[in-house]
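In structure tokens, the next block holds one chain alone, the form predicted on its own.
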Amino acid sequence: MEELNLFIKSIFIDNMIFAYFLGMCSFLAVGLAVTFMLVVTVPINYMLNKYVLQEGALTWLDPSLAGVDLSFLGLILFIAVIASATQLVEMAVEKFSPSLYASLGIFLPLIAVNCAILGAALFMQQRDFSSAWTATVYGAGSGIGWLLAIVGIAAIREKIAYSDIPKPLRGVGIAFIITGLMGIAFMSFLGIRLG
């Protein structure tokens, strides 16, 4: 039940885009790849944090390492995991789907620097989840929430393509206004009590 609450909360209440405004650059450009990267990297970073970085985490190697605290390396190692996973995905997409690789262009490597993915890893560390499964559920929920935001903005932009928008607001200007309004709408989910 805890995982289901976390899943729903990470989609609607703690939405990466509408609650924290993380991942805005790719919010306007890339789709499923960020969701996939959240599902893959959050549990890997959880295990890295739990079994390597936290104080006393290295006792599985040797009990004399109980006092070692490598948490200061967290940010650097989380970024390394995200960049490595992105590189592996990029190589796999290039090998197995050259047309998709060509259509994604520069946006695929930019996923490595997406702040929503790093934000999820840092939130995972801050919230101190109880297991890798809980971290995976959080990553999946965050990814689905991010995807929901992408689909929502795409649908709205499709509708306003034929609207009479003032010239200075066309393009990114109206996208930011819509994102702000959608963020306010998602804030209404804060009043929902789960479990």
Partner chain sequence: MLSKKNKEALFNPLSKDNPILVQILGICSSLAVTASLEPAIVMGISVIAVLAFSNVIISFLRKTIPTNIRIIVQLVVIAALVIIVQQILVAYNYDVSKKLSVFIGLIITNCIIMGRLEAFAMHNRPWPSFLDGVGNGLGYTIILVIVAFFRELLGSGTLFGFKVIPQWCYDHGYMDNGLMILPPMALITLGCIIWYHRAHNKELQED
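Residue numbers count along the first chain shown, from 1. Remember, predicted model here, so these are calculated numbers, not experimental data. For clarity, a rigid core is taken as the largest C-alpha set superposing within 1.5 Å between two forms.
Keep in mind the form predicted in complex with the partner chain is missing from the figure; the text below concerns it.
Whether 43, 56 and 140 jointly form a contact site for the partner chain in the predicted complex is the question; each needs a heavy atom within 4.5 Å. Result no, not one residue of the spot touches the partner chain.
Look up in the predicted complex whether residue 123 has a non-hydrogen atom within 4.5 angstroms of the partner chain, and give yes or no. Contact check for residue 123: yes, within 4.5 Å of the partner chain in the predicted complex.
Please tell me whether any heavy atom belonging to residue 118 falls inside 4.5 Å of a heavy atom of the partner chain, as the geometry stands in the predicted complex. Looking in the predicted complex, residue contacts with the partner chain include residue 118, since a heavy atom lies within 4.5 Å.
Check residue 159 for me: does it contact the partner chain in the predicted complex (non-hydrogen atoms, 4.5 angstroms)? No, residue 159 is distant from the partner.
Taking the partner chain as it sits in the predicted complex, is residue 169 in contact with it (heavy atom to heavy atom, 4.5 Å or less)? Although the partner chain is absent here, residue 169 would touch it in the predicted complex, with heavy atoms inside 4.5 Å.
Interface residues of 166-187 toward the partner chain, as seen in the predicted complex [heavy atoms, 4.5 Å]: Contacts from 166-187: 166, 167, 168, 169, 170, 171, 172, 173, 176, 177, 179, 180, 181, 183, 184, 187.
C-alpha of residue 127 moved at least 2 Å between this form and the one not shown on rigid core: False for residue 127: its C-alpha shift is below 2 Å.
Is there a C-alpha shift of 2 Å or more at residue 173 between this form and the one not shown once the rigid core is superposed? Superposed on the core, residue 173 moves its C-alpha 2 Å or more between this form and the one not shown.
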